Every structure is written in structure tokens, then in C-alpha cells.
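The chain below stands alone and is given as C-alpha cells, in the form predicted alone.
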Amino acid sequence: MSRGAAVLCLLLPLWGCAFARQDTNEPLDPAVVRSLVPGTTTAREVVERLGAPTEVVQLGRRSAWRYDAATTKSTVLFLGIVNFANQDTRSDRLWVFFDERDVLTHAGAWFGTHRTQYALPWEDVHEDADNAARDAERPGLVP
């Protein structure tokens, strides 16, 4: 066997690819978020619909609660000595604000977990067309 073939046989097991996914919390349901009505929905109702918040912030006699979820997709291409990797993390986040009587005053949400993609470093994961297609596929996001 030639020396080049021997080197190739030693390096061949170092070539390959890997994919990984990590989820933190359940993605937020846009329909449930839309069902929260400022001036009407109570803190108890929010907990019944969304569960326990990730974070609670006291604002004097008022409070703000944060709900979030995240999805990370990772791709690695092993080419012997040179490796290429990419990691795309997107999140859903909701802040709800309550007055001193625990009645919702306002809420703000962002939905992004569904936009997470597997991609290599030279690929653009923030293309408008890709995001629009994924937005259209997420139930409850687009009325």
C-alpha cells in the first residue's frame, strides 16, 4: 500500500457531519398569547394558560413576568483537519405586565423558535423568504 493511500485510510474516519438540536421549554402558542386581554385577564388566568413564568420581576406594587422558549440547531462538517460549524438559536419570548391588583395591563411577544435552521457557516439563515415561509407554517402565528 502506498504512503498516500495509508494516510487517506487514517484520515477517512475523520470526515463526516453531525447535526444536533436542543430545545428549552415548549414554544409559546400565539393563539394563547392573543387570548390575553389587557384590563381583563388576571395573573391567575395567565398561569392557567401558560404555566409558571421563567422570571418574575417586581416593579414596586406591580410585576412583570417573562415566558420564553428557545431552539438551537447545530451543524458540523468534519473534513479531516478543517471543520466547519454553524449554530442557529431562535427564541419565543413573552413579557406580561400586571398592575397592583394582578390584572394584565399589557403584553409584548416575539415568536422565533420555528425559524431555526440547520445550515453551514456560508449559508444565510436570515433570508426574508425563508422566514416568511416558516411564519406561514406555524399554527396561529399568521391570522
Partner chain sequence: MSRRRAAPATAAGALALALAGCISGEYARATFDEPIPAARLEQLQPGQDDLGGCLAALGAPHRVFEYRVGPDLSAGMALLWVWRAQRGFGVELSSPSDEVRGSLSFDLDGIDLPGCMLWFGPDLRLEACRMGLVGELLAWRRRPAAVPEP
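Quick caveat: nothing in here was measured; it's all calculated off a predicted structure. Positions refer to the first chain, counted from 1.
The same protein also has a form predicted together with its partner chain, omitted here; what follows describes it.
Open item on the list: I'd like to know whether A52 contacts its partner chain in the predicted bound form, with contact meaning heavy atoms within 4.5 angstroms.
Closed with: The answer is no: A52 has no heavy atom within 4.5 Å of its partner chain.
Task: L120 within 4.5 Å of its partner chain in the predicted bound form, heavy atoms - done: Although its partner chain is absent here, L120 would touch it in the predicted bound form, with heavy atoms inside 4.5 Å.
Open item on the list: Quick check on T41: any heavy atom within 4.5 Å of its partner chain in the predicted bound form?
Closed with: Answer no; every heavy atom of T41 is more than 4.5 Å from its partner chain in the predicted bound form.
- [ ] State yes or no: in the predicted bound form, is some non-hydrogen atom of V46 no more than 4.5 angstroms from a non-hydrogen atom of its partner chain?
- [x] V46 lies outside the contact set for its partner chain.
Task: Sequence-ordered list of residues in 104-130 near its partner chain in the predicted bound form, where near means a heavy atom within 4.5 Å - done: Heavy-atom contacts to its partner chain in the predicted bound form: H106, A107, G108, A109, W110, R115, A119, L120, P121, W122, E123, V125.
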